[in-house]
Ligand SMILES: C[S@@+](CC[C@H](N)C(=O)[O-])C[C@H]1O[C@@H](n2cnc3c(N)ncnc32)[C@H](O)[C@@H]1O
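Shown here is one chain on its own, the form predicted on its own, set out as structure tokens.
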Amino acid sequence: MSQDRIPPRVRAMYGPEDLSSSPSFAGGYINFGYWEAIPLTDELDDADRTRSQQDLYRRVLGEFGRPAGSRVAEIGCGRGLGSALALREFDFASVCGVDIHPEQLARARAANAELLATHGGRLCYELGAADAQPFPDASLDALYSVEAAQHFRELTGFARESARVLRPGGQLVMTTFFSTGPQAAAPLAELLESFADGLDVAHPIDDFEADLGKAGFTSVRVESIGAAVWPGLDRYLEGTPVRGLWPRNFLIAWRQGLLDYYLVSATRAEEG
């Protein structure tokens, strides 16, 4: 796969800059976290931050109705810790983490070397893109993605490819932050550096919901979980070197109704 497909800012952030080493991503899972079960009145530490990131994976993976024996893939796996958690804590037959960035795949394989060695092919990490997934047609029972789709340049191909690789009746569950509409793109770029420099794309949630329907998904469900993400993240950032920088504006953007964090689930239509 040509590395020209990786946007320059994404290539740098997940290559030499290694976002997982940032103080705001203690634990290395590289997501904003799901803070519902973590008391925000207490002083938050790195253990709380790591738990929040793990809990976001658990929130997503818990949406699968029948995980036992399922063939599963994660799109945008990063350092692969979420794929490893999925294998350890859920009864999947196999989990394959997919990422477009070769440096991230190298980190994933290194970070999870012991699990890769001991689980007989049940865990793997493969090069691929959201719109060019490395799986045969109808070969997966379930597909998930955690805080990666904001980096995809468009989501139509992601929806189409997800429908291709899932068996009829297979399930897609994903979560990330979306804009609340096209009118939000300009103010988001003013508030948040990641939207201004091309790291993140202001995908409207309604457009993605429509993409899923056109790709052949049914039972599409969109749930806002922003109240369990943004306040906890911002509370944690208060105690880090990031406390005076632009990531604090995510909470402001949410409060202004410009973006939100969503959990999206959909089922691949049955044939006939």
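In this text, residue numbers run from 1 along the sequence as written. A quick note: this is a predicted structure, and the numbers were derived from the prediction, not measured.
Absent from the display: the form predicted in complex with the named molecule. The rest refers to it.
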May I ask you to state whether residue 14 is within 4.5 Å of the named molecule in the predicted complex, using heavy atom distances? yes
Closest heavy atom of residue 129 to the named molecule in the predicted complex, within 4.5 Å or not? yes
With a cut-off of 4.5 Å between heavy atoms, is residue 29 one of the residues that contacts the named molecule in the predicted complex? yes
Is residue 170 part of the interface with the named molecule in the predicted complex - any heavy atom within 4.5 Å? no
Taking the named molecule in the predicted complex, would 75, 146 and 152 all count as contacting it (heavy atom within 4.5 Å)? yes
As a check of understanding, the residue in 100, 159, 108, 142 with any heavy atom within 4.5 Å of the named molecule in the predicted complex should be identified as 100
The listed residue (236, 230, 208, 57) that reaches within 4.5 Å of the named molecule in the predicted complex by any heavy atom is 57
Select, from the options 190-198, 92-100, 134-142, 109-117, the stretch whose residues sit within 4.5 angstroms of the named molecule in the predicted complex by heavy atom distance. 92-100
